[in-house]
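First, one chain by itself: the form predicted on its own, in structure tokens.
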């Protein structure tokens, strides 16, 4: 049995302020195994990003149940730099060049400069952007900036990488390249990955398993294994095995929508 890297056990969550409480998550349970790429899909507004933020200790509200990361809490895992997050858009400092942006987390943590620079160059090489290390950020395309963001997120040597739709604003060619890069990085660095996306196709291409979430208040309605060989690439999208896996995920998502509509009519 593989080790469990991330576990949600009967988690309930609601956003609250002085006048209102909005229940977002109800009785949510799932496990993510070490070195697994695990996807969350579901209708818009169901709470996918909220789940990721709970796993990263980045959101406050009324919470019950337990979230465990490598045997510890999300707050402790974040404090120990076990978690890294790649957001929808690169958040880079325009007055720093590529290498300086990548080195920022190490400088904040007061890590030794020489080993940090060596590590940064190694990761930039892994991501295919080592030749751009001295370039200003504004000279890079959106896809190249997202590569730099990925490298920067890996400087703390995290055990878990959270992806909050980092490919959503990219064109198809660049997205394909970054999806393949993510697979290579996850395998090379033995990462566990939690991937949030609206794209069912991207989720099938990237993930080992996909959790289909119910409409809000969300819970896992179905877990689907994606047993496609790796490495995966966009050319597989026309192959019968890929289309079968995609159909399974799409049918589960659409069934959620129909059930939510029936519930609203009763």
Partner chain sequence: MTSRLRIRLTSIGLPALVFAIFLVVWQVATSALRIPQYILPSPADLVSAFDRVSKTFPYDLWVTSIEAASGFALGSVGGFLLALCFARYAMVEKSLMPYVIAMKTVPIVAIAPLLVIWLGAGLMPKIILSALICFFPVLISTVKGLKEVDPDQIDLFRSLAATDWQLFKWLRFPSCMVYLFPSLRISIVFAVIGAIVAEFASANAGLGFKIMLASFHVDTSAMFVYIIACALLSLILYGIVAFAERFAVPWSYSERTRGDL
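Residue numbers count along the first chain shown, from 1. Keep in mind it's a predicted model, so treat the numbers as computed, not measured.
One more form of this protein exists, namely the form predicted together with the partner chain; it is left out here, but the text below deals with it.
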In this chain shown alone, the residue from 92, 196, 181, 160 with a heavy atom within 4.5 Å of the partner chain in the predicted bound form is 92
Only hit among 169, 73, 107, 187 for heavy atom within 4.5 Å of the partner chain in the predicted bound form is 107
**Request:** Please check if residue 97 has a heavy atom lying within 4.5 Å of any heavy atom of the partner chain in the predicted bound form.
**Result:** no
Handout entry: Heavy atom of residue 156 within 4.5 Å of the partner chain in the predicted bound form
Key = yes
**Asked** Taking the shortest heavy atom distance, is residue 147 within 4.5 Å of the partner chain in the predicted bound form?
**Response** no
Q.
Residue-level contact is defined here as any heavy atom of the residue lying within 4.5 Å of the partner chain in the predicted bound form; does residue 58 satisfy this criterion?
A. yes
Within 4.5 Å of the partner chain in the predicted bound form by heavy atoms, the stretch out of 173-181, 76-84, 125-133, 112-120 is 76-84
In sequence order, the residues of 119-148 that place a heavy atom within 4.5 Å of the partner chain in the predicted bound form are 138
